[in-house]
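Just the one chain here, the form predicted on its own, laid out as structure tokens.
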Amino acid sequence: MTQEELIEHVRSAHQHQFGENAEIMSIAPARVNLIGEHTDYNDGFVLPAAIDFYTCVAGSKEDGTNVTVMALDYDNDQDQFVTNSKSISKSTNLWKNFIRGAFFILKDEGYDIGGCTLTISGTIPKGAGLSSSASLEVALVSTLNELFELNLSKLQIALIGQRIENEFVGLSCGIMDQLSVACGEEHKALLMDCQDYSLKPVKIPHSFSLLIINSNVKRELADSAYNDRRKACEQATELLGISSLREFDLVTYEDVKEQLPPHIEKRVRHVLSENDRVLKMTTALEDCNAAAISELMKKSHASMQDDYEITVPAIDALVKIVKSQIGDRGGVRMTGGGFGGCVIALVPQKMAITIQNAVAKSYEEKTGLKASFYLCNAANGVYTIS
């Protein structure tokens, strides 16, 4: 489904279900992280790109305080609640908590949110590590921002999205996903400093294709060891007497690493070395240096495998298969929170189909699983139409 088809699909469904045209529609992309994993919640550097898969949220204001939401991708399942933060409770249905959480956080921050009807659909593969949840949060808050004239900036929208996950859904994510979804730029990645939220667009060379390969190993981050990794980093800052790991780099860390238990020291080593790789990757992209890109992504994956311990055998197999095809002409690594999901490969355009064919054959032979492929482009961030 194209972006235009998605918009028309949501627009038509909203009119049919609620008997009125949507006043506002927001469209937010997915994101893939080229490099910089688990550094965002440590005030570090990341290099994500918004990509051309989307979530669309249509909304209309209603009198009173009742909210009715229809999720087209869940067999038109609906949720209803009232916009009083004291009465917005969690649901046993995960998708509903992202919606309820948005109203809860906005009310908690003092914004005047009334009743409305909302219709939601998207084209982002679920559970693949492409930030379908952040895309939903940003699209939803953007729709509410326009409907109720809240005057939120894109940064504020991203921060509210992060609070939804941290405080209502229960995942201790950083700001990378929401901010890249909100602020993405076509044909560019974003060098993001998660300490001050500054962004620097970095052009992705036209000679490369963004190839995302889904391992189809499903994971639920809120129920996984994701939060445990964050706790280990927090323990490190307590033991070292610092506010965040950003206060160290690889050189200064050498003087203090003996103060940490071995398993925590490994987690910190990944974060600091990954920060260094992000900055070097920015230069490699700007110089179109395929050999440097290859080496940096290789080391990033090894660090996630050995120090942060968030890869799984199927993901490691995917990386090896792709690497055997591209050598030093491009890079490949796991992307996302870990424990399944996708790998990201920056590959020469002319090799994209050959790589897909090689993976389709070898991956199933090695794992018994079938991979899914997404050739995508870096896209602009969230926008609204009325």
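One rule holds for the numbers: they count along the sequence shown, beginning at 1. Remember, predicted model here, so these are calculated numbers, not experimental data.
There is another form of this protein, the form predicted together with a small molecule, and it is not shown here; the text below is about that form.
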| item | value |
| --- | --- |
| Answer option from Gly174, Gly122, Gly184, Gly101, heavy atom within 4.5 Å of the small molecule in the model of the complex | Gly174 |
| In the model of the complex, the residue from Gly44, Gly336, Gly330, Pro48 that sits within 4.5 Å of the small molecule by heavy atoms | Gly336 |
| Three-residue site Glu62, Glu146 and Phe148 fully in contact with the small molecule in the model of the complex at 4.5 Å by heavy atom | no |
| The small molecule contact in the model of the complex: Phe248, any heavy atom under 4.5 Å | no |
| Close approach of Gly340 to the small molecule in the model of the complex, 4.5 Å, heavy atom | no |
| Touches the small molecule in the model of the complex: Tyr226 (any heavy atom, 4.5 Å) | yes |
| Which of 152 to 160, 176 to 184, 112 to 120, 281 to 289 sits within 4.5 Å of the small molecule in the model of the complex, heavy atom basis | 176 to 184 |
